[in-house]
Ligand SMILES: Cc1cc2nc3c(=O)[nH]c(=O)nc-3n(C[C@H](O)[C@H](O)[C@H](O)COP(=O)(O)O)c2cc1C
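Presented as structure tokens, the chain that follows is alone, the form predicted on its own.
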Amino acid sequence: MPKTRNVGVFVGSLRKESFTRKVANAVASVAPSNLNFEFIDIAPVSHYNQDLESTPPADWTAFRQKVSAVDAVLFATPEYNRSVPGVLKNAIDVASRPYGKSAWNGKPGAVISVSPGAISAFGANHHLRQMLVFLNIPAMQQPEAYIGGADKLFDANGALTNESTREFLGKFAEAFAEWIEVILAPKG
């Protein structure tokens, strides 16, 4: 039996009825039982300003501690102007500082992008992957996860109704569980 791994989930949309959050919830619901998903709220993270590092705001400290405490990270993002939402970028920046003390360092990660449109937030997905390289988050390469037509995948209660999407998300979650073990396996 694989070890239980705690996965921090970062949803880039703050909207109450966010399709991105619904997809992230669906991933958690179909994931292998050894993955424990913790949704870490990015809304209360105040804007990053290096001038505040000598006495960081309490919300930064709390957020950094939550990121540090998880074994792996899952980013679920919509696309705003062909990139990630500013609130997600800010949260990433806060946890990456101060320089040399990034809470993200070495944590296995995965990205899933969500959109009602056909392009499936492709631009946001790839901008986020570029950030993960710099942050030393080894990101799962396959399967890639671009969820389009998200406005047609859920019922009025937010439950996923599309069986092929559920099957894909299950395979994505299983691959992520395997990826986490590859990255966190003892070396040597």
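For every residue, the number given is its place in the sequence shown, counted from 1. Just so it is clear, the model here is predicted, and its values are computed rather than measured.
There is another form of the same protein, the form predicted together with the named molecule; it is not shown, and what comes next is about it.
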> So in the predicted complex, does Gly106 come within 4.5 Å of the named molecule, heavy atom to heavy atom?
Replying inline: no
Item to complete: May I ask you to state whether Thr165 is within 4.5 Å of the named molecule in the predicted complex, using heavy atom distances?
Response: no
Answer yes if any heavy atom of Ser13 is within 4.5 Å of a heavy atom of the named molecule in the predicted complex; otherwise answer no.
-> yes
Worksheet entry | Contact flag, Phe19 vs the named molecule in the predicted complex, heavy atom cut 4.5 Å | yes
Contact check, 71 to 86 vs the named molecule in the predicted complex, heavy atom within 4.5 Å, ordered by sequence, gives Pro78, Glu79, Tyr80, Asn81, Arg82
